[in-house]
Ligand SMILES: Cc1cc2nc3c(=O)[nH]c(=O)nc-3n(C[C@H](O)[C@H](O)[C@H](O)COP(=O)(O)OP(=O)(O)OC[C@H]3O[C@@H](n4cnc5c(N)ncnc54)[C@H](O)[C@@H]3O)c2cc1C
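A single chain, nothing else alongside it, follows as structure tokens in the form predicted alone.
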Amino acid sequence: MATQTRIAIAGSGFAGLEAAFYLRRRLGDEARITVVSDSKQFLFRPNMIYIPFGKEPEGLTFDVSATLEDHGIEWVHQPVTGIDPDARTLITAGGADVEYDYAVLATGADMVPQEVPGLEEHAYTIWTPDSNLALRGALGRAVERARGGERQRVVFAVPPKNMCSGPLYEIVLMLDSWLRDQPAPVRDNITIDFATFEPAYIMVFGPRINAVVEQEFDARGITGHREHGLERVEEGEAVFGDGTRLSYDLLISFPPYEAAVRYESLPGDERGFIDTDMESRRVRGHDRIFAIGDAGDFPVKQAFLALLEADAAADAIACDILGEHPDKAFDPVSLCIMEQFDKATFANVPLQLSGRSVPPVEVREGAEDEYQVGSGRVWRVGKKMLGLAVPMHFRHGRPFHAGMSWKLMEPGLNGMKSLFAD
């Protein structure tokens, strides 16, 4: 019996599961696939934005360990702490190290609010289900005070070193819609400010998204502050690098982030994100190690891009094993749908690295026809479709973007784009 190729995958989020299920489908019994993760629960992170407004977190998760085992993928429930490239071993905190022929690192990112003095003590964040539940309680208290005639000021802040700020923009627009649905005079008694270090709103998605956010802020009475880098937070006051101070009753922030696991034996930047070849996601200098999703060095951290990276890496591994030529190079075309409750905004954004620190990416030169943005109620349907389809396919052990589901869904989205995008 031929020896199976051992593939170890660190992480069970979007990138890790997409890669695992793609490789299982493509390689069958030729590979022994092992997923190593500290969490048994897959969390559909993009829909955590609904938790502050009443959705229960339990509806966003499922037990991934059972699904993996049902599809012949081994499961090791341990935190990954490092990798030994010479011994070809994935290292875990509990000593259940996993030997590999190929390794895929998809251990994601973590927030580091302590980089901004006072942020951890005084701000509400949106990175985990628990933090979103805490924000739900804070919003409820603000509404009660506003209903009683007490004016409230809610300040949103995107500090430097955060390149995945989209969810905070969703929540500020959702908050305005939600407050307007409350009995008067709640919205009239709540002032909303949005401050970001970015020179343009959601800068990584280009000027058309910036224009949409500008229009939404103006229409909704939200005061925006660009190029406001949060420097520190004091009780009741946010202080910015240019000396500006914004008082607040409620501060909501998406903190800076860094790699969740720092792989000291691999090349990476100062925040722990691993240096890779753009197209294949191979780690530079290590042909049998791949870094995908938030663990890798592509500066935009987003679920849809993580799926694309996973497909590229999994295809490269499968082709290595099968002696074929890979045909799924990572092409960073981001697809996002920004919820606002009363409508949603769709963006299809072909990206390229800018060579600058701010912004680190830009709309791809010569791809203006592919750069599409549109707003309307119809895009809320697209948001719900993705929110149902991705977990459903992962729950059944199938890749999403590399599977039949996306092939069936993509023509419908393309049709919607041609009708409803600018």
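Being a predicted model, the structure only gives us computed values, none of them experimental. In this text, residue numbers run from 1 along the sequence as written.
Just so you know, the form predicted together with the named molecule exists too; it's not on screen, but the next bit is about it.
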Problem set entry | 4.5 Å heavy atom contact, Trp127 and the named molecule in the predicted complex | yes
Problem set entry | Partner contact for Ile289 in the predicted complex: the named molecule, 4.5 angstroms, heavy atom | no
Exercise. Heavy atoms within 4.5 Å of the named molecule in the predicted complex: does Arg380 have any?
Worked result: no
Exercise. Going by a heavy atom distance of 4.5 Å, is Ser39 a contact of the named molecule in the predicted complex?
Worked result: yes
Exercise. Which of these stretches, 79-87, 147-155, 220-228, 312-320, has heavy atoms within 4.5 Å of the named molecule in the predicted complex?
Worked result: 79-87
Exercise. Among the candidate residues Pro256, Gly108, Gly118, Pro350, which is the single one with a non-hydrogen atom no more than 4.5 Å from the named molecule in the predicted complex?
Worked result: Gly108
Problem set entry | Contact residue in the predicted complex, chosen from Ile73, Val98, Leu139, Ala303 - any heavy atom within 4.5 Å of the named molecule | Ala303
For this session: Taking only heavy atoms into account, state which residues of 3-22 are within 4.5 Å of the named molecule in the predicted complex, ordered by sequence.
Result: Gly11, Ser12, Gly13, Phe14, Ala15, Gly16
